[in-house]
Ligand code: SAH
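Quick heads-up: it's one chain on its own, the form predicted on its own, in structure tokens.
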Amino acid sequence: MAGMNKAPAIIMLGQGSLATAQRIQQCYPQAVIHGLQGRVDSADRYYAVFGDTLRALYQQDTPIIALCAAGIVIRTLAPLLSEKGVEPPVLAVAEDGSAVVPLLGGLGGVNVMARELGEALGVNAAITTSGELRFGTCLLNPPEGYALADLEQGKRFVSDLLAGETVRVEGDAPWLDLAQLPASDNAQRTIHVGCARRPAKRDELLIHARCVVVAIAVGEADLLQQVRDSLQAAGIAEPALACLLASEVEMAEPSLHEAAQALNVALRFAPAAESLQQMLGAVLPQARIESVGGLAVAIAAAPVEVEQLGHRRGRLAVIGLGPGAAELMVPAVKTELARAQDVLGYETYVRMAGPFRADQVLHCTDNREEMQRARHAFELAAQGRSVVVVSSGDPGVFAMAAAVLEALHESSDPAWQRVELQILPGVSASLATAAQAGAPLGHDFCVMSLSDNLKPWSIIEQRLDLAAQADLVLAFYNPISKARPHQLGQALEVVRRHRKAHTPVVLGRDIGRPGQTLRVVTLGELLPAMVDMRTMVLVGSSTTCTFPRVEGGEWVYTPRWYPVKP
């Protein structure tokens, strides 16, 4: 995929561009099709405002393929444009696929993408970059595994070649064999490819091969400075560093991750060995290994394939999808779903989280298998995989976050403890229902589950009585089911001891999903038959108010003030 770190976003403004979007997605299977709400019927995700969406994707460094006029994209992104070289690829493609125009991201591979899209759509990409047109490659954007030493020097170097200078290549650069460079053995200009530290020269384009791996271990020394000192002592340029390698028993050590982040390289892990040299030799047996400054440095003959070296730290994210509508899913959750290799959860919720790529593995289980699901998630993440456990609403509200933490708390497996664990929030059903109704949770409120699967009914009744007596707004999850049809009636009997019959009650069914309904009744009118398992019940306090909406129905809110008794 043109060496991209992120899957592209395909932006549709109208249904007429769907066929082109689907052809592009065949070229980039991981790409996500974004469709404008109300104008696009078939998309992976939907958005409401074109400009906000495009700018957000650009700022997230997401490659953008916009199926619209180039001018629209230019005007939208113009306020964000700054330094060339720090932007994602951005392309405009005609709705019918008849034109492919690379706009931004020349150093991010936009012209490579343009050629790939042109080939997929059967058109010539409108590439205008002089160097690429002349030489058939972008010298300023080497392929994956190589890094340009100095962008400004590179620009001057390419300008010299365009002005008629010839060039010779030193070092191993297979991709340049196919380029149409003005080559000459006697050339004054040189492209040098290697990993050695070299002084900058006006007549040389220096490209570093990422063929160096440094094995590190936690100690008293500043790891970042230790790596840099070791590279300097070995005569190796820092951009030639492909990744850092550490023992898997130190996987959770923050200093290792901080050093890798500062060096902008991957951090990989391998089984512990007697020495750093042995650990490094086990994963790079053909490389030349040196001991420098207390670290082990491996120099391979070619760029290192980082994904084939050891394994990464496993990641487990417990996410909340919100009530169901795509626009109510928080961006961090969408990002996590896009990076996931494995997705676990109750099948209904997993399907809500889609669509998924062909390479993503879905593990769907029954809704009552929470602990088994949590343990399975840790087993997968401990193998170095990126794992997501899905909940509806918020994962910390009667959902999977507690089960995952309980599984970790009970585990004696050190590999589970080393997994990177993150809980990502979602819009809970109570908050989504309240927002539809107005602000019934505007003052203190209590959230309760009426299910007695995991706690005795006597505890539920006791808590209901105390919460109702405290005059808290009440939010009921799991209010009724076929297995316990009588419990909502019993709960209402408890609440009615402390609330008047005119107390407003909000019934939100499938809020955020197709077919959602919202109904406002009084506590006196409320019957268990009005409620099912998919209904959120919000019972007001003594201060909760209602008033008519102009378009019909009622607004419900609980004032933030509270009457003070004399």
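Numbers follow the displayed sequence, beginning with 1. All values reported here derive from a predicted model rather than from experimental measurement.
The protein also exists as the form predicted in complex with the ligand; that form is not presented, and the subsequent description refers to it.
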Practice item. Name the stretch, out of 275-283, 372-380, 389-397, 117-125, where some heavy atom lies within 4.5 Å of the ligand in the model of the complex. Key: 389-397
Point to revise | residue 230: touches the ligand in the model of the complex, heavy atom cutoff 4.5 angstroms | key: no
**Study point:** Contact test in the model of the complex: residue 39 vs the ligand, heavy atoms, 4.5 Å
**Key:** no
**Study point:** Any non-hydrogen atom of residue 479 within 4.5 angstroms of the ligand in the model of the complex
**Key:** yes
Point to revise | Residue contact check: residue 519 to the ligand in the model of the complex, 4.5 Å heavy atom | key: no
**Study point:** Listed residue that, although the ligand is not shown, lies within 4.5 Å of it in the model of the complex (heavy atoms), from 498, 55, 45, 534
**Key:** 534
Check your understanding: Which of the residues spanning 498-534 lie within 4.5 Å of the ligand in the model of the complex, based on heavy atoms?
Key -> 508, 509, 510, 511, 513, 533, 534
